Every structure is written in structure tokens, then in C-alpha cells.
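The chain below stands alone and is given as C-alpha cells, in the form predicted on its own.
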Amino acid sequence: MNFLLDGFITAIRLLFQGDEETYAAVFATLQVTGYSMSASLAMGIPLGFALGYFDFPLKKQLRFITDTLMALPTVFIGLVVYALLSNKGPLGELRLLFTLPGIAIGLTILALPIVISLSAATVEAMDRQLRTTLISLGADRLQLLLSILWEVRFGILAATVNAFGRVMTEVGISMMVGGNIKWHTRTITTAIALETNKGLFSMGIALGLVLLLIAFGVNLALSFLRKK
């Protein structure tokens, strides 16, 4: 067990000394997570609201599809995005393969069904008398929309946390689309996998600690928002 203790001690030293390779992976992870979460929330919350609030043909089929896509294998997403962004693919001219924006595209595809499906489920579980009550009080369409979104805010926060967790801990997409290029597209999870395979546990532990701190910080912020 000494190698684990030595690994933790070295990991703490790497973090406090500002090891450039360690923090390069951290910053890359934060960047692709920011891109993908912003895109998935901007598209997923309105789509999830519409899917859960309105009744229209094929609604049940769309709900089934979004629920199924929540379990979409990340390696399959990586394969599809790689094919689209490769030189032979339809989006090859954009030169996004082995870049952080390219990884963000794959992570957005991963997170989007989670946001849509959980947001729709939250809206469907809402008290149906709320709309009638708001209209009777003279609320216009914008006020009606904002009031409903405020009512289901905790469910949307839960959808955000679930999507964030999948994005932050993803390996397959980052490895296939990003290529795990040092100082460029290497993220926390791909760096942990690489360093562990090389037998270098200290950096892997350091990055794992950063991952835990980020997750703790996000959950702490969401808990604060719930209390507010």
C-alpha cells in the first residue's frame, strides 16, 4: 500500500507546485465541459420543455427515443463524430478533429438527450392546475413560461447535474475525437487512463482529486441555489 500513499503525497505536491502538464489537462477539461454544457442546456431545456408540456403527434415515440439515447454508448458517439469530422467525412473541411471544439461536439451529443429527457419528465410531473391558475390571474405567455420554468427549476438542476457528471467523467469520446494529444486535447479522464497504464499513479491521483473537487464544487453550488 506504500505506493498509494506515495502517490497521494506526490499528487498533492504536483497540485500545489502548479505542475504545467497536470493543469493543462484540467484547463482542457473545463473548456470542453463549458462548451458542451452551454450548448446542451441552450438546446435541451427548450426542447425538453416543449416535449413535456405540449401534446402533439409522435410525442410518445420521441420520448422513447430521447430516453433510449440517454444510454447511448460513448464509444459509438466517438466513432460517429470521428467519421463526421475526419478528412473523408462531410465536416472534414472544418478541421475539428483532434481539437477541443471537436470533443465538445461529441460531449454535447452525449449530454443533450439527458437534458431533454429529464427536463421533459420534470415538466410532465408538474401540477397541471398551475397553468390554469396562472391564466386566471392574468398572466401573459411570457409570464406563464417563466413561472412554469421557475416551478420546475429543481428538476432542471437535477438534469444539469446528471449531464455534467456524464460529460466530466467521459473517456471514449475524448480519446477518439481528441486523440489524447499532450498539452492540446488531453483531458483529465484520458490523462488518468494514460498515466495509470504507464504506472505513473501520482499524476493520475492528482487529476482524480481535481475531478472530485470540481464535482464537489458543482454540487455545493447547486445545493446553495436550492436553498435560495
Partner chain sequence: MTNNSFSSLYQIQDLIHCYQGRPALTIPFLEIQPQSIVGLMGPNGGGKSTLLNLLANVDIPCAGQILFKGRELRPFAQDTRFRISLLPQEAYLLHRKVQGNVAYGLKLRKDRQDRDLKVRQSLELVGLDPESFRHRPWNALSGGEARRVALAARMVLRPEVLLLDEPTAGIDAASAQRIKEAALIARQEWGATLIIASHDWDWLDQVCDQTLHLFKGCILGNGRSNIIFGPWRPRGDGRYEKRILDGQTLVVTRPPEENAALLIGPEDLWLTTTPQPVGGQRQFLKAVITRMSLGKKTDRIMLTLTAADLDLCTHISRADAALQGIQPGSVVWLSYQLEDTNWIG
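Positions refer to the first chain, counted from 1. These numbers come from a predicted model, not from an experiment.
Unshown form predicted together with its partner chain; subsequent notes refer to it.
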Partner-facing stretch of 68-76, 103-111, 116-124, 149-157, counted where any non-hydrogen atom is within 4.5 angstroms of its partner chain in the predicted bound form: 149-157
Contact flag, residue 138 vs its partner chain in the predicted bound form, heavy atom cut 4.5 Å: yes
Partner proximity in the predicted bound form: residue 80 to its partner chain, non-hydrogen atom cutoff 4.5 Å: no
Partner contact for residue 91 in the predicted bound form: its partner chain, 4.5 angstroms, heavy atom: no
Partner contacts for 108-145, taking its partner chain in the predicted bound form and a 4.5 Å heavy atom cut-off: 127, 128, 129, 130, 131, 132, 133, 134, 135, 136, 137, 138, 139, 140, 141, 143, 144
